[in-house]
Ligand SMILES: Nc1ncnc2c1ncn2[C@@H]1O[C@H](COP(=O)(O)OP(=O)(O)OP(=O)(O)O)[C@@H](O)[C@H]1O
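Starting off, we have a lone chain in the form predicted on its own, written out as structure tokens.
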Amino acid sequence: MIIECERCRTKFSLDEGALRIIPCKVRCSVCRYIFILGKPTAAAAAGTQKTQAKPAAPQSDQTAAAATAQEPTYPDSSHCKVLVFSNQKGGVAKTTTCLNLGMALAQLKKRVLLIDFDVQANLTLALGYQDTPSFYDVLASGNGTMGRTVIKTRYSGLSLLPANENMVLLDKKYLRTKNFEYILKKQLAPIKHRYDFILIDTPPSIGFFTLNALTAANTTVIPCQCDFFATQGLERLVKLIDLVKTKTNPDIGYAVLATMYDPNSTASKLILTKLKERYGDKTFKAVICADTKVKEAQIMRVPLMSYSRQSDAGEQYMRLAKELI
């Protein structure tokens, strides 16, 4: 029996044997929306009034649970953690953190997928790729080829879903469509089991990309430069995450990462102290210092963790990876 969620339009194959009472409540496992399965038609309702049939017995919670719609059958992906890197201010080392944390996790023998979900494609360029198919091409093909679009990089355990210039069309094409926030989550479902971590880089703005990434993720990593204006972007993003919690992803959390820290700067020390006071245990213990090796690695189009793993920032990203695990 094939049913469709009334909100996100995901289709499910449901075992009719699980249904003891019709109509009954079902919950979509993608968007968590609860709807009624087997609503009586107007004609059926009229017929019921004529025959004065007795109403059906109240449905128990157990019956509703038994009838809950299940996702199409995919291998177990419960071990996979999806992280989105976001901040409403640019220049806070968001892409750099996504890349090098992913590389550090791969060096710790984890299977990692990086998703470049930014029209600037900086994550793709940082790994030395360009003019490659992107998430836009996955949707444009119409046949769910996301797995074939993913590139296995030359770094063991590290894969990439690139971005390209066509990504700008996604915002224009899908932002106004119903339930657009679930597009990435639905595309990830068939391949999540292949990875231990999926890391998503997003642009410094609210729109199709950020909302899709937040809906698909377990945790938002918020890189925050030790700078006053970066902390303002942090506050706005936390409010957005709270909104996403109520709308599309009740399970999402967040953690703040201090970046570009200067241990010799009084301002940096003060802002780091304020971050820890304001966000407490939602602040990573690892702190990423400003390091010239990061810029050198960017020029060479290689991850810092490959270019200079023993640098200060390299060791800090490795500590971050171990803390995350």
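Source: prediction; values computed, not measured. Residue numbers run from 1 along the displayed sequence.
Omitted here: the form predicted in complex with the named molecule. The next part is about that form.
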item: Any non-hydrogen atom of residue 26 within 4.5 angstroms of the named molecule in the predicted complex; value: no
item: 4.5 Å heavy atom contact, residue 96 to the named molecule in the predicted complex; value: yes
item: 4.5 Å heavy atom contact, residue 290 to the named molecule in the predicted complex; value: yes
item: Contact test in the predicted complex: residue 204 vs the named molecule, heavy atoms, 4.5 Å; value: yes
item: Proximity to the named molecule in the predicted complex, single hit among 253, 75, 128, 91 (heavy atom within 4.5 Å); value: 91
item: Partner-proximal stretch of 172-180, 103-111, 233-241, 118-126 relative to the named molecule in the predicted complex, 4.5 angstroms, heavy atom; value: 118-126
item: Stretch 161-194 - residues with a heavy atom within 4.5 Å of the named molecule in the predicted complex; value: none
